[in-house]
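Have a look below at one chain only, the form predicted alone, in structure tokens format.
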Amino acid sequence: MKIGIIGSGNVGGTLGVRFAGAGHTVVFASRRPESAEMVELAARAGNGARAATAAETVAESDVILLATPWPATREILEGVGSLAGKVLIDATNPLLPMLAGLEYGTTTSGAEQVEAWAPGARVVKAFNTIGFNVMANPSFGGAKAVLFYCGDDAAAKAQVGELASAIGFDARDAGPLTQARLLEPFALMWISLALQHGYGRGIGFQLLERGGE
């Protein structure tokens, strides 16, 4: 796949490196693609990864990972050109300042706002419920961290599920995009446990299944 990364911080940078390592063509969007930071990130990713402007990244990619700070998300989406037909992986969370809660919840979601701001994009919510360190290594003593994703386009969801599985997650389809109303608060659970309640960042979740029930 040709994957563009919009938001090359901890989440976008980590996933871009992982996707490139899985054999995909990766382009990192940046206002300054020639900067030393972006050159280093592309070199670390390897497999021909490079940096480009956001508009170039979108034009050249079939799949876009959105990993921007929430307050900047709308402006960024509206400035990158048409996303119609693109698989848009929304890894954002609509966090309030100081982790005080979520801007949206239960009756709508950040992902549904993203869909409205990117007309025609095939939005899939994913990679928002765990920290970037877990994205770098989803293995917990042989067990895989679960990675839930949701969206309304079955083919787009299948692509995202394959991407997540290829980098080591137990990828699980959580249903339509409205399920982001649950996945975003679920992300806040990970954040609060990891950063506020003493568990630390080295935690993940696992889905246990018992047959016949």
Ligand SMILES: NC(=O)c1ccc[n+]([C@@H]2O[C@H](COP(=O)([O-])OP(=O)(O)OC[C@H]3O[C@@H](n4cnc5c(N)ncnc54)[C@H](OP(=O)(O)O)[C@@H]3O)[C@@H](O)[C@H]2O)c1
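Residue indices: 1-based, along the sequence shown. Worth saying up front: this structure is predicted, and the values here are computed from it rather than measured.
Missing here is the form predicted together with the ligand; even so, the following discussion is about that form.
Asks: Work out which of the listed stretches, 42-50, 64-72, 174-182, 151-159, brings a heavy atom within 4.5 angstroms of the ligand in the predicted bound form.
Replies: Only one stretch qualifies here: 64-72.
Asks: So, Lys2, Phe19 and Trp117: all three within 4.5 Å of the ligand in the predicted bound form by heavy atoms, or not?
Replies: Per the other structure, none of Lys2, Phe19 and Trp117 touch the ligand.
Asks: I'd like to know if Ser109 sits close to the ligand in the predicted bound form, meaning any non-hydrogen atom pair within 4.5 angstroms.
Replies: Flag for Ser109 set to no.
Asks: Though only this chain appears here, would Gly131 touch the ligand in the predicted bound form if you measure heavy atom gaps against 4.5 Å?
Replies: Contact with the ligand, yes.
Asks: Could you confirm whether Leu95 comes within 4.5 Å of the ligand in the predicted bound form, counting heavy atoms only?
Replies: Residue-level check for Leu95: yes, a contact with the ligand.
Asks: Would Ala194 count as a contact of the ligand in the predicted bound form, using a 4.5 angstroms cut-off between non-hydrogen atoms?
Replies: Outside the cut-off, so no.
Asks: Which residues, if any, of 190-213 lie within 4.5 Å of the ligand in the predicted bound form when only heavy atoms count?
Replies: Contacting residue: only Arg201.
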